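The chain below stands alone and is given in structure tokens; this is the form predicted on its own.
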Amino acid sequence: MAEAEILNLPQRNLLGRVKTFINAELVHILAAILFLLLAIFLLYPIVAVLIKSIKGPEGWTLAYYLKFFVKGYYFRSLINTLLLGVINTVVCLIVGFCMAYLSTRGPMALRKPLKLLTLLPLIAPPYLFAISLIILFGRNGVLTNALGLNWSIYGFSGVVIAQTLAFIPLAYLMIENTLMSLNPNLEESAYDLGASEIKIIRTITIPLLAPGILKAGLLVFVMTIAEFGNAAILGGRTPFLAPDTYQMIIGEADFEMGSVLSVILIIPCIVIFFLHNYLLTGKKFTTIGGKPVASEPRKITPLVKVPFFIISGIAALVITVSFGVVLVASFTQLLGVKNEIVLSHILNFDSNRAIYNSIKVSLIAAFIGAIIGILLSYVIVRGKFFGRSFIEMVSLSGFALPGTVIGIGYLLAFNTPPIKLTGGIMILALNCVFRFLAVGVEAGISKLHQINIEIEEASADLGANFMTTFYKIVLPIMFPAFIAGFIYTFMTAIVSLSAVVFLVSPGYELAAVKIFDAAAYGEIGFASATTMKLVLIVILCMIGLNFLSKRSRFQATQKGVSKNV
């Protein structure tokens, strides 16, 4: 018996040393695992696209790039794409600023309705506006026939209008968030010293909003040139890079040329990203101080209020009309041509199956993405190892790269062993996870900066291991960041098109792809009905998620109170 105990002692000591090592190095182990996931599901697909663009059947070559720069069609496509991105970014920033200013500085009665109308496009596919513009201004459109218009919505101008309406909410969110944190006493002091409101906006408000405005511009530019739904439906014969890439991959199965177009699409995004960082490097934009701030809302002068109200009112009206038109078209045989009321579009079971698939994929992606986002933010903030900044940059890169490129990368990287995912639902979910991971990571980092590390150190001093500290202390405090990552990923994934359109397979069709195909083939009624059903499902899911998050927070608070008592 004594001999057995002696033999077991080394095993116990070894097991104890292993547990001690794991507990001490768990952050580093976790960081290695997370970086491996980022390398496989984010870096590897991008590298696959780059390799495919310079490797043909006969080996390494730059012939495909030469073809791009020699052929005039591709050059026009590049110019149109860049011009679309610049115009959309400028217009979205102007409109977004006007709407954000009114919803934070304007009349109280106007603020909430204006915010709700501005954010309405976030719960619908971006190309809802392409559908509504076709119904209103198409060749047999309602307004085209009623007013006898000769202007065609198809072409560059139609794409600009649709893309602008789709991405105004992104610019608004970034600018409104920064405006809300701006110390109002700065503007009040300038006003008391006799400065006009226009001068205050020009010399104080806008300069302090520079980080928000630049981030909004970066995001809108990337999303505009990458989202091909509106461009493919309304572009007509006007070439754009994203639809051309889709045509190369899906239509002609030319993966080499499609990869070249994808790489060209990445370049302006990278340039804009480094320009954004250069403009903000070495500058401070302090908008939140440590002292409490109290100020009474002051009236906006008519010289500012009137133009801001006109711009915001037109944008809100067009957004509302677009949703209304699509809703009416859902119950009409063909709005503007055959106005008979029908239910066949709404009751179509093909769309219901696609919506169910979208909900399933979005929930899986949201759950996995929120967990990975929280863990990544923890190792980035609390870890002490070389390469933390690189891990953070990689985790955010999915957000800064066009979805079209990531979709093609997944198709190239995971179509053959050793990691064959195509043809199933997980490739769709993982694509959404790593594309939209940035929001969960940023939310987690922001929350962790508010948690004093002494709380975790005190827990460790009292004998708790890393897992106990993380589970009982860190995780409950970071729950809002988890919910933020979950909700954003769910909302974005369920209406996303630019990446998943390359990855859907028979039996796993998604609602966004179903709507795009129907709109492209002129089935406007079916496309409208599926869009509105998707919007309704998103609203119901958001209400449910919001209720669950509030209930969870309430229960966590109650537990904390009972423990303290």
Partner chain sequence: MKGKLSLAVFIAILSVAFMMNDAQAQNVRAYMGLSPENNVKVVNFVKEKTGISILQTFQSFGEIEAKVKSEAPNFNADMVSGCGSPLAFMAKKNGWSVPYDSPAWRGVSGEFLDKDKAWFNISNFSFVLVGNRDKLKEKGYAMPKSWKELLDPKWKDQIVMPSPLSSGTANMIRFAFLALYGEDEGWKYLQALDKNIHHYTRSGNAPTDLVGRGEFLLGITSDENVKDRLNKGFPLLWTVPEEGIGYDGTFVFILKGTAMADACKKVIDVMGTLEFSKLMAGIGYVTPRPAPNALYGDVTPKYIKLDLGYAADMRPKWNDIWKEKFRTEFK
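All values reported here derive from a predicted model rather than from experimental measurement. Residue numbers count along the first chain shown, from 1.
Beyond what is shown, the protein has a form predicted in complex with the partner chain; the following relates to that form.
Asker: Select from the listed residues 64, 44, 35, 508 the one whose heavy atoms reach within 4.5 Å of the partner chain in the predicted complex.
Answerer: For this set of options, the contacting one is 508.
Asker: Could you work out which of 436, 97, 167, 486 is the residue within 4.5 angstroms of the partner chain in the predicted complex, going by heavy atoms?
Answerer: For this set of options, the contacting one is 486.
Asker: Taking the shortest heavy atom distance, is residue 216 within 4.5 Å of the partner chain in the predicted complex?
Answerer: Although the partner chain is absent here, residue 216 would stay clear of it in the predicted complex, with no heavy atoms inside 4.5 Å.
Asker: Going by a heavy atom distance of 4.5 Å, is residue 145 a contact of the partner chain in the predicted complex?
Answerer: Yes, residue 145 sits close enough to the partner chain in the predicted complex that at least one of its heavy atoms falls within 4.5 Å.
Asker: If you check in the predicted complex, is residue 104 within 4.5 Å of the partner chain, heavy atoms only?
Answerer: Contact with the partner chain, no.
Asker: Does residue 134 make contact with the partner chain in the predicted complex, using a 4.5 Å heavy atom cut-off?
Answerer: Within the cut-off, so yes.
Asker: Using a 4.5 Å heavy atom cut-off, indicate which stretch of 200-208, 355-363, 86-94, 113-121 touches the partner chain in the predicted complex.
Answerer: That would be 355-363.
Asker: Going through 223-254, which residues have a heavy atom within 4.5 Å of the partner chain in the predicted complex? Please give them in sequence order.
Answerer: Sequence-ordered list: 236, 237, 238, 239, 246, 247, 248, 249, 250, 251, 252, 253, 254.
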